[in-house]
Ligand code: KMH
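Heads up, the chain below is alone and in the form predicted on its own; it's given as structure tokens.
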């Protein structure tokens, strides 16, 4: 098996600050988390941005630039920029970071789904929230449609090509593999591709072994096993570690981080993204799988290198 690429998703836009006091919110906190995660074994860090005053998700290019440049100045880790944005943004607004920063790697969502975190509000009373926006933000996702139409996908893919940015294809359900197969046949997306099987999001496929195996078998049938590299995201605890272990065993790769899960063990909050990375790296070593460095991951994924970005 090739070496394991561990991705750390540092803050996301769906984890609420109220859920954990350890969630990085300011650019400097996100930079520091990236460095710790890289030192723990992450070859790639997946970046969302937050308003440093309120902790609310933002796609302000200036904030993204500060974060990406800060990481690049102090680490060799791959910086993967989100194009997921928030529920209030158009696809064009979500994608503006690609031509602005020209990153090595950026997320690329492969289909439209319902995407909701509203059940989180069942856990908290009004006085529990750290910031005033959090409850409304979560409740409003009950009516959120995460738009990624074929038209949106074609525009974003053209943007990626123009900026020599590798797409990290996010697949939230098995139908997204059929979307990908269609786009490959239309010559809109070319092999080889880098896939993230995203499991456990309300509105998408479940986070369990059967579903990941189903995604993998479907990808083999539609795409051919030699035409893609894959990783798995398990949302929540213990899915994050169970499915990371499955990915390690099956020859895939793994993503962890506060975007997806905030617990290091049952009922115990992780104090940093690095703790989550360290656990998966330890599991990999115990199973005889080496962990890839950032440069090894660049070679595996065919990235352009951090000297060719615009930050």
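Residue numbers count along the first chain shown, from 1. Everything numeric in this text was worked out from a predicted model, so none of it was measured.
Only in words, not in the display: the form predicted together with (5S)-5-amino-3-OXO-hexanoic acid, which the text now covers.
- Although the partner is absent from this view, residue 85 contacts (5S)-5-amino-3-OXO-hexanoic acid in the model of the complex, with a non-hydrogen atom inside 4.5 angstroms.
- When contacts are judged by a 4.5 Å heavy atom cut-off, residue 133 does not count as touching (5S)-5-amino-3-OXO-hexanoic acid in the model of the complex.
- At the 4.5 Å threshold, heavy atoms of residue 259 reach (5S)-5-amino-3-OXO-hexanoic acid in the model of the complex.
- Residue 144 belongs to the set of residues with a heavy atom inside 4.5 Å of (5S)-5-amino-3-OXO-hexanoic acid in the model of the complex.
- Partner contact region in the model of the complex: 43-51, out of 58-66, 43-51, 279-287, 241-249, criterion any non-hydrogen atom within 4.5 Å of (5S)-5-amino-3-OXO-hexanoic acid.
- Residue 13 is the only member of 1-22 with a non-hydrogen atom no more than 4.5 angstroms from (5S)-5-amino-3-OXO-hexanoic acid in the model of the complex.
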